[in-house]
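There is one chain below, alone, in structure tokens, taken in the form predicted on its own.
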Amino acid sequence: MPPFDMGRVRDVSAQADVNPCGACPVRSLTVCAALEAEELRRLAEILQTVRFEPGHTLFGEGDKADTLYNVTAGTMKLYKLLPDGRRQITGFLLPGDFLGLSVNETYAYSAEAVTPVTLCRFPRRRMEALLDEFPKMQRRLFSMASNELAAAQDQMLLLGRKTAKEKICSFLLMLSQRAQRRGHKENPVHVPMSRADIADYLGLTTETVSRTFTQLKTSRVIALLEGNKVQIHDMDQLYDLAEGS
């Protein structure tokens, strides 16, 4: 893992006079959503708001797990390196997602910024103490962890039984649904990750991902727009393709 580069991160927690938690635009999606004003003030005392550029490694697999994070803007990717050197991306994190939890003293995966990202950074021990003190935040975190488990099970299905076209269609539907849950438009779909990242998430080659996008475009199921957006022309047809109908 490259050394921590302070030139690529900026602490912005001191720039706002307001409670950063109270002013957070995605608080309703985060682990903080269950907290009252005084509890938010206590949480704000232990956090730093940090920003990173695309490609920055937040932490690496095997690093000491002494920090927790909440994504408030941008997209992160989580991945593991396989014994043969290949990379398996295990998930993409969006605003509201929490990362850094570990049952051991080290991180079980690596985390890297896909786009410019803003995160809340919490010291692990102090955050654990607040979780003990605020049971409703602990319950909220357990609920989020359950959703992550469900997402991991969905990915296992994607990697196992689906064709390349079914995988790509399912992936676009997943991004659309996640955007909708965050109060954004479900269509067009924002796809900020590279074709190589999509390939490493779906267990495909980069060439297969590019070819499948072209096939979907040629058959007018989708249109590729500027700004890393994909317009879905027929949502029902995309659902049918994702299910192999």
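These numbers were taken from a predicted model, which means no experiment stands behind them. Numbering starts at 1 and follows the sequence shown.
Just so it is clear, the following notes concern the form predicted together with the DNA, a form of the same protein that is not shown.
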Q: Pick the stretch from 177-185, 48-56, 33-41, 191-199 whose residues have a heavy atom within 4.5 Å of the DNA in the model of the complex.
A: 191-199
Q: Give a yes/no on whether Ser210 approaches the DNA to within 4.5 Å in the model of the complex, heavy atoms considered.
A: yes
Q: Mark Thr214 yes when one of its heavy atoms lies within 4.5 Å of a heavy atom of the DNA in the model of the complex, and no otherwise.
A: yes
Q.
When the contact criterion is heavy atoms within 4.5 Å, does Ala23 count as touching the DNA in the model of the complex?
A. no
(Q) Against the DNA in the model of the complex, would Thr205 count as a contact residue? Criterion: heavy atoms within 4.5 Å. (A) yes
**Q.** Contacting member of Leu131, Met144, Met76, Ala164, with respect to the DNA in the model of the complex [4.5 Å, heavy atom]
**A.** Ala164
